[in-house]
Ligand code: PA5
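Below you'll find only one chain, the form predicted on its own, shown as structure tokens.
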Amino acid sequence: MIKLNYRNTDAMVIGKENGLNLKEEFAQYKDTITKIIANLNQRKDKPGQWLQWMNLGYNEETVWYVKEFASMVKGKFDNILVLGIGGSALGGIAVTEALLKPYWNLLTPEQRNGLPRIFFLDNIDPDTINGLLQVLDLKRTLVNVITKSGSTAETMSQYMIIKNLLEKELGDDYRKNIVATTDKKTGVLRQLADQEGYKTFVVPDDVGGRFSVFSAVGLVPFALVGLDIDQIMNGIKDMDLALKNTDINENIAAQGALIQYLMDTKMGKNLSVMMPYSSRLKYVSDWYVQLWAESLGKEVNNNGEKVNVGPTPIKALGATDQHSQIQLYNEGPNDKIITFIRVENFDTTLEIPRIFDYTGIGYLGGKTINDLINAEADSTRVALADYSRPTMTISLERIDEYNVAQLLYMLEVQTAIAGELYNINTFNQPGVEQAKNYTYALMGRAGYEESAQTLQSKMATV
């Protein structure tokens, strides 16, 4: 199991002005945490609670269909192209970047064991899209278009462009190159998929995009590039069992949620930095930023009161950002809590040769890069404590399907518990919908004519 070390958030380590009396706080919130965990698990099967993501690790039927599809198309495509944005892409990027061999798309087919390359189009920058289309052979590309509503402007515009190109190159056979992941019954993409005859997978009801990584949204691309989705499911199930424990002294998601909540509301530290010491986990931080920001940044609480709460998530990478951000973290405003992710055992070892013994860098000879990166992680943690800056450390035994699944699922549960502590709706995103509606109006979508007029007048003054 992954581990959480929160010692450097305690007042005994970083002082009363910046640290918490964790023994006292855990005791004070013990009953509250017990109720929150029990309540989340009681509500997860009820429609409309948006907690079905807590059941995804047990969805054996979806796993079976995904594995069957991956087996059917194996060897038929050189590339997988995922069209999606936000929760439809960030989880997939985080997991594939973590678990595939580094520089996967640059490896030869032999080095990839005949498995396809994978690309994510998660933005609508025209130069990026055109650039990718110039290097991809679409005839040998399987396109996975992902949007539950089927009306996401970014994803559907990409789909329209690529569908048109595929049809020109392949004629009626282009349908074999598209798989859609969308709503089971409704939405534009569901309608199109049924009309066109695409292979489809379902985005489950009551699973928001930022919590969808372990649904077909993530599992389809994972299986297509050969990741072990059975081990992913095992990791989720084992972590889910551990996080059902209602005792805060035994539940790492509850510990992390409470500490982050108290650092924000009690200590004024409303910036939450996620800093893995592994390049392979770099995009876990991107995924975390959406999870934390979209879930916890809310204007009103569950009582309808205007509260404008939410800690701001920040992504960083160790050791790279020791040379760009740590100066600020140590000597700038003490308004952050930093979470490190530390990998105990890397897949490979890289030794530093014993040369230049007579110089100031001779001490590095005979050590390994593995030693160095973890020494950097440990020394940065201690240095921050010297400056009375709170940190937590999540430790993974290694980067594999089991451990990465545990990490992401734990962070999802941590987010849900934090939302209950803030007394807000963790699963809506009204602040996102406003900008979406304005985009529809600007692009001339039917039914948004009045909004377009209002928006044009605002744009003239804003």
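Residues carry their position along the shown sequence, with the first being 1. Remember, predicted model here, so these are calculated numbers, not experimental data.
Keep in mind the form predicted together with the named molecule is missing from the figure; the text below concerns it.
In short, of 162-170, 205-213, 108-116, 369-377 it is 205-213 that has heavy atoms within 4.5 Å of the named molecule in the model of the complex. Shown alone here, G226 lies farther than 4.5 Å from the named molecule in the model of the complex, counting heavy atoms only.
Using a 4.5 angstroms threshold between heavy atoms, P390 stays clear of the named molecule in the model of the complex. Under a 4.5 angstroms non-hydrogen atom cutoff, the named molecule in the model of the complex has T152 among its neighbouring residues.
In the model of the complex, the named molecule stays beyond 4.5 Å of every heavy atom belonging to D264. Taking a 4.5 Å heavy atom cutoff to the named molecule in the model of the complex, the contact residue among N59, Q52, Q429, S395 is Q429. Taking a 4.5 Å heavy atom cutoff to the named molecule in the model of the complex, the contact residue among Q290, T246, Q255, N334 is Q290. Contact residues in stretch 81-114 (any heavy atom within 4.5 Å of the named molecule, taken in the model of the complex) are I85, G86, G87, S88.
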